[in-house]
Structures are given as C-alpha cells and as structure tokens.
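The data below hold one chain only, encoded as structure tokens and taken in the form predicted alone.
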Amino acid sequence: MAVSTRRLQKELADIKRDGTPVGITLLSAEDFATWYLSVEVLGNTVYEGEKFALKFRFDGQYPISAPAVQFVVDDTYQAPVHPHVYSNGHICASILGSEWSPVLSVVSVCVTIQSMLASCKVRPAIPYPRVRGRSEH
C-alpha cells in the first residue's frame, strides 16, 4: 500500500472519529485522489454567512508533497474575493508550496485557509486577482 494511501486512510479515520473543527465539514472523500471540504469563517468577518468549498487533489507522494488545493468555482460555490485567491479558485499560500511540511494535514490546511479568510478586514472592491476562463474542477 502506498504511503499516500495509508496517510489519507488515517486522516479520514481521524475525521470520522473526531470530527472537524467548527466551520469545516467533509463533503466528499470517496477515494484517495480527490477530497472536498467546506469552510465557513465564523464570527464577525467580511465573509460572515458565506460557505466555500475546497478541492484537495493528492498525488502518490502525499504527504511528502503538498496536495493541490483550490476553491471550487461552480454553480453552487464561488471563490472568496480575497487578495490571496484568484477568481478561478487558485490559492496563493506558502504552505501549499515552499512551506509545505509532511506534518500538515487536510484539516490543518483547512484551518489555515479559514484563518487566512478571517484575518481579511476589508473585502476588495473587485475580485482580485482576476483570471480569464473557467476553473478546472
């Protein structure tokens, strides 16, 4: 069994046993290639009352390599208007690239993104940065 499969089995078992932090919900984890989770920022924030979906894609090197994570942009969900989120859902966050560590997990990435959104005090007037074309999901 691949290391990535063992690790994802453990993370999924932990989520099913312990649940997720407040505001984070597992939407789908039907295989060990793609998972979907929702993130809601709680409290008095510019995103109050909004729920976003994240798509996690894992390769065979996870957790050595970071998962590909982006906000879902479709008929149900939109990417948040945020300086570190492109309009197609791609996220600019160091933990998803050069600062990735194998000790991080799906839940810890969700918490980090939740915190990133909560720390935004002013919503940009226009979506920033804009990307032309439809998001892949």
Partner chain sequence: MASYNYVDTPNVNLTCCICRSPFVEPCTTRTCCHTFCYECIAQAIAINRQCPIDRTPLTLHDLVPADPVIRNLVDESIVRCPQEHLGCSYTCQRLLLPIHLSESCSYVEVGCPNRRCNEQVLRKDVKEHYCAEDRSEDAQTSASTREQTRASLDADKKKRSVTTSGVAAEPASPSVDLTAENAMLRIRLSALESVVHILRSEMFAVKHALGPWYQPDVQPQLLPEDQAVDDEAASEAFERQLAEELAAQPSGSLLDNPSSPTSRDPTDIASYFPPSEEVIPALPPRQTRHRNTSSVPRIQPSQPSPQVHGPVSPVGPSVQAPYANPSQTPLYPSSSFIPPGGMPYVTPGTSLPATSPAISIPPLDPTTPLPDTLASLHSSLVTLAGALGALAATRGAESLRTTEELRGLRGAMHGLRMQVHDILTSRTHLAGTSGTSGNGHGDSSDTPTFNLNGPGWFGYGSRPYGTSSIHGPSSGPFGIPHAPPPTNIPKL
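Residue numbers count along the first chain shown, from 1. Quick caveat: nothing in here was measured; it's all calculated off a predicted structure.
The protein also exists as the form predicted together with the partner chain; that form is not presented, and the subsequent description refers to it.
Although the partner is absent here, S105 sits close enough that one of its heavy atoms falls within 4.5 Å of the partner chain in the predicted bound form.
Using a 4.5 Å cutoff between non-hydrogen atoms, K10 counts as a contact of the partner chain in the predicted bound form. With a 4.5 Å cutoff on heavy atoms, W100 counts as touching the partner chain in the predicted bound form. Although the partner is absent here, P63 is a contact residue: one of its heavy atoms lies within 4.5 angstroms of the partner chain in the predicted bound form. Here the chain stands by itself, but in the predicted bound form one stretch of 69 to 77, 91 to 99, 27 to 35, 41 to 49, 91 to 99, has heavy atoms within 4.5 Å of the partner chain.
Along 68 to 85, a non-hydrogen atom within 4.5 Å of the partner chain in the predicted bound form is carried by no residue at all.
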